[in-house]
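Only one chain is shown below, in structure tokens, and it's the form predicted on its own.
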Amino acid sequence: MRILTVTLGERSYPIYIGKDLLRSSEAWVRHIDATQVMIVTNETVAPLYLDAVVRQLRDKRVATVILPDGEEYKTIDSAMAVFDELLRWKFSRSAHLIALGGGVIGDLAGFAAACYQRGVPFLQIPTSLLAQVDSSVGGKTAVNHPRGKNMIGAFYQPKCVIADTATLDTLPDRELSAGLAEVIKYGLIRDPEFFDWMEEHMDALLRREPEALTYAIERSCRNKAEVVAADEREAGERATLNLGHTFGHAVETGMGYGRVLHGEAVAIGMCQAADLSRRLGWLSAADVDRIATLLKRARLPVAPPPSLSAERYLELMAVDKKNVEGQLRFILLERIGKATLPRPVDVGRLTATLEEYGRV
């Protein structure tokens, strides 16, 4: 087992990375200093891992909420379903929530924990690669709104993160690739040696070789933990973690939540951000091609659906948390391994990128 720490003073917490951690309570159950525990999971994950987690909580009063699976269910209505059960069971402010699932469950259960009685402790048990390397770490919690992704939420840190690599054995290939988009992102924004490593080991990652996957998860989490420790509430460097997300969120919202996976949308967005960086004179055409090639090798899309016009993109991107007073701002790349802070971009260059990718 590998242990990393997100260093946030009194809110610091460990990330446990290893195989079969859900079948052993040694590492993580000690973080639950309460008798009331609510596990939030979904219909796909529950049959696979819920019993294993419940078995480690024999001395607790355990309740469960099993939600439908999919981004389209990351809504305020789903959060209300969690609140309904917490109240029905008369759970107190000392109760703990456990988020058992992918990024949707982690975001939603974390949001519910942040809100219930103005905040109760929660643990993250991410079961997808994307959640293990990104969404479970850092305390961003949210639900979606029909007009914008993650627009209703809170910064709320977990007590710990338990990344059991054995859960990736049951992950569909498409979900594995979606997670690799976020892994590639770390190489692009701050870790060029990691990007080089992925070019050499992408085939091993797709074959789910344990050593390669564990290394990629640990290095990704280390990058994320360092950024969050330096900038918990996204006042500066943490914004670079959103490379490709302004474009990507527009794809998700425009196509309908769940039709394009989050990691797929981020991959498309990173290609568009790379193209826009080239138009500003930072990346070369060879750099853009190198980025797209690695994403394609990870079996990810690099262009948006043709039905999403440049005009619709601009409309959707107007509802983005990084915008200031109506001005569109983007995370871009000065080079592979170095991202910019959010910056306004000339609409002409932005439109050129959107139109270019509309023809791919």
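Here the structure is a predicted model, which means the values were calculated and not measured. Heads up: residue numbers just count along the shown sequence, starting at 1.
From this point on, the text means the form predicted together with a small molecule, which you will not see here.
Among residues of the shown chain, His96 is not one whose heavy atoms approach the small molecule to within 4.5 Å in the model of the complex. Under a 4.5 angstroms non-hydrogen atom cutoff, the small molecule in the model of the complex lacks Asp191 among its neighbouring residues. Though the partner is left out of this view, Thr44 does reach within 4.5 Å of the small molecule in the model of the complex, counting heavy atoms only.
In the model of the complex, Leu48 approaches the small molecule with a heavy atom inside 4.5 Å.
The candidate site formed by Gln157, Arg222 and Glu232 is entirely out of contact with the small molecule in the model of the complex, as no residue has a non-hydrogen atom within 4.5 angstroms of it. Interface residue among Ser135, Thr246, Ser78, Thr253, judged by heavy atoms within 4.5 Å of the small molecule in the model of the complex: Ser135. Contact annotation: the small molecule lies within 4.5 Å of heavy atoms from the stretch 164 to 172 in the model of the complex, the single such stretch among 286 to 294, 164 to 172, 273 to 281, 87 to 95.
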